[in-house]
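Just the one chain here, laid out as structure tokens, in the form predicted alone.
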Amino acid sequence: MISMTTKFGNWLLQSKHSLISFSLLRIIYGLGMLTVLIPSFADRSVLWGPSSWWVDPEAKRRGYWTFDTVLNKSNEILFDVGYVAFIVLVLVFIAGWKTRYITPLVLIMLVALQSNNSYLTNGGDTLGRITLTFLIFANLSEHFSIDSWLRRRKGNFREKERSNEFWNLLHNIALLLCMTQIVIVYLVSSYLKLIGDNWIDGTGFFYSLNLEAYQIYPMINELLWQSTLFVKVSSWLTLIAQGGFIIFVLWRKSRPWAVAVLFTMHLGIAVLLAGLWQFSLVMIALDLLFISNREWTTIRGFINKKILRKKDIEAAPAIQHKELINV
């Protein structure tokens, strides 16, 4: 028991974990916000700004909390300035510059926007907002960022913060909290599936594909649900992956497979069901946190090996031809 406690304590304090996954999560979260902000730019006033008065009576009746002091609904100029500033902040967030300071600002602007009109939010927005609160304490710019580029340029490969046990602890606690959120989502989702009959008898995927209000490409949906084998396998695989997720991720060998199945599921939801793509992006980003830096290195090595092997095969005829000429 003591050794397990010591091992867990060392895991929390000695280094930051899942740095590559956190960096990818930063980019995915940012892209998810941009895909809402930019397409809605022309209708921003009606959706969240001064012209969104149509949501106020019901919001007041339900007692919804508003945060319009940042994105002010009563002043069109101030709202537009705040909206553009939010887009700029998200772009900086994606680029990975000063994320320790930018992340809290992004969270404030996101809460302000969503509180102006909570009827446009869904489960993905709620989950993203909760986990973004945890991400304030995580290192999101170790890879694929301006911050990492600046560190390499300065030759400062070992920043002081990296060896600081306090920051390591905060980062790893944020990781555990995000993991806990995703596990809760999957456990609740699998429970709701189990208390019904559709997913157990293998028809749950069929009814999901038949939701007309969410169909983007009806022809593709119809093509897929006509395959009984595909529907049953997809339904049972989803149920098993979600219900047993906490068990699968604890075993290192089964973890990548569980993440791959759920990644494919959410990718399919994003493509086949309109309106749920943002939820899918958040879930995909959080699923990636279960892939460690070591596993990312293994994946990259495997891909590089395949690419090098392909190049060697393509180059072989040219080398043989050159040798024949020399002979």
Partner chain sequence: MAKQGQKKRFMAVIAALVMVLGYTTVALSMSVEASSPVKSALSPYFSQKWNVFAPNIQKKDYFLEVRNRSVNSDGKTVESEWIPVTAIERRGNKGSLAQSRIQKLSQNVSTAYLSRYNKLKSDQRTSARKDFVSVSQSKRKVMSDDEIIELLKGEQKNSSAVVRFVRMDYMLVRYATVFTEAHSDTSADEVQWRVVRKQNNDFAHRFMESDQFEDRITTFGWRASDAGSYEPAVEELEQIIDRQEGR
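Between two forms, the rigid core is the largest collection of C-alphas that superpose within 1.5 Å. Numbering follows the first chain given and starts at 1. Please read these numbers as outputs of a predicted model, since none were measured by experiment.
Missing here is the form predicted in complex with its partner chain; even so, the following discussion is about that form.
A.B. asks: If the cut-off is 4.5 angstroms on heavy atoms, which of these, Phe248, Trp167, Phe206, Trp97, is the one near its partner chain in the predicted bound form?
C.D. replies: Filtering the options by heavy-atom distance leaves Phe206.
A.B. asks: Please identify, from 86-94, 250-258, 144-152, 173-181, the stretch that has a heavy atom within 4.5 Å of its partner chain in the predicted bound form.
C.D. replies: Of the options, only 173-181 has residues within 4.5 Å of the partner.
A.B. asks: Counting only heavy atoms and a 4.5 Å cut-off, does its partner chain in the predicted bound form sit next to every one of Pro50, Val188 and Trp199?
C.D. replies: Yes, the whole candidate spot contacts its partner chain.
A.B. asks: Does any part of Gly275 reach within 4.5 Å of its partner chain in the predicted bound form? Heavy atoms only, please.
C.D. replies: Answer yes; at least one heavy atom of Gly275 falls within 4.5 Å of its partner chain in the predicted bound form.
A.B. asks: If we define contact as a non-hydrogen atom of the residue within 4.5 angstroms of the partner, is Tyr101 a contact of its partner chain in the predicted bound form?
C.D. replies: No, Tyr101 sits far enough from its partner chain in the predicted bound form that none of its heavy atoms falls within 4.5 Å.
A.B. asks: Check Val36 for me: does it contact its partner chain in the predicted bound form (non-hydrogen atoms, 4.5 angstroms)?
C.D. replies: Yes, contact at 4.5 Å.
A.B. asks: Answer with yes or no whether Asn10 is in contact with its partner chain in the predicted bound form, where contact means some heavy atom within 4.5 Å.
C.D. replies: Taking the distances in the predicted bound form, the answer for Asn10 is yes, it comes within 4.5 Å of its partner chain.
A.B. asks: Judged by heavy atom distances of 4.5 Å or less, which residues of 107-135 approach its partner chain in the predicted bound form?
C.D. replies: Heavy-atom contacts within 4.5 Å come from Leu107, Val111, Asn117, Tyr119, Leu120, Thr121, Asn122, Gly123, Asp125, Thr126, Leu127, Arg129, Ile130, Thr133, Phe134.
A.B. asks: Is Asn210 one of the residues whose Cα moves 2 Å or more between this form and the one not shown, with the core superposed?
C.D. replies: Indeed, Asn210 is displaced by 2 Å or more.
A.B. asks: If the two forms are fitted on the core, does Gln181 show a Cα displacement reaching 2 angstroms between this form and the one not shown?
C.D. replies: After core superposition, the C-alpha of Gln181 moves less than 2 Å between this form and the one not shown.
A.B. asks: Note yes or no: does the Cα of Ile220 move by 2 Å or more between this form and the one not shown after the core is superposed?
C.D. replies: Comparing the forms between this form and the one not shown, which are aligned on their rigid core, Ile220 does shift its C-alpha by 2 Å or more.
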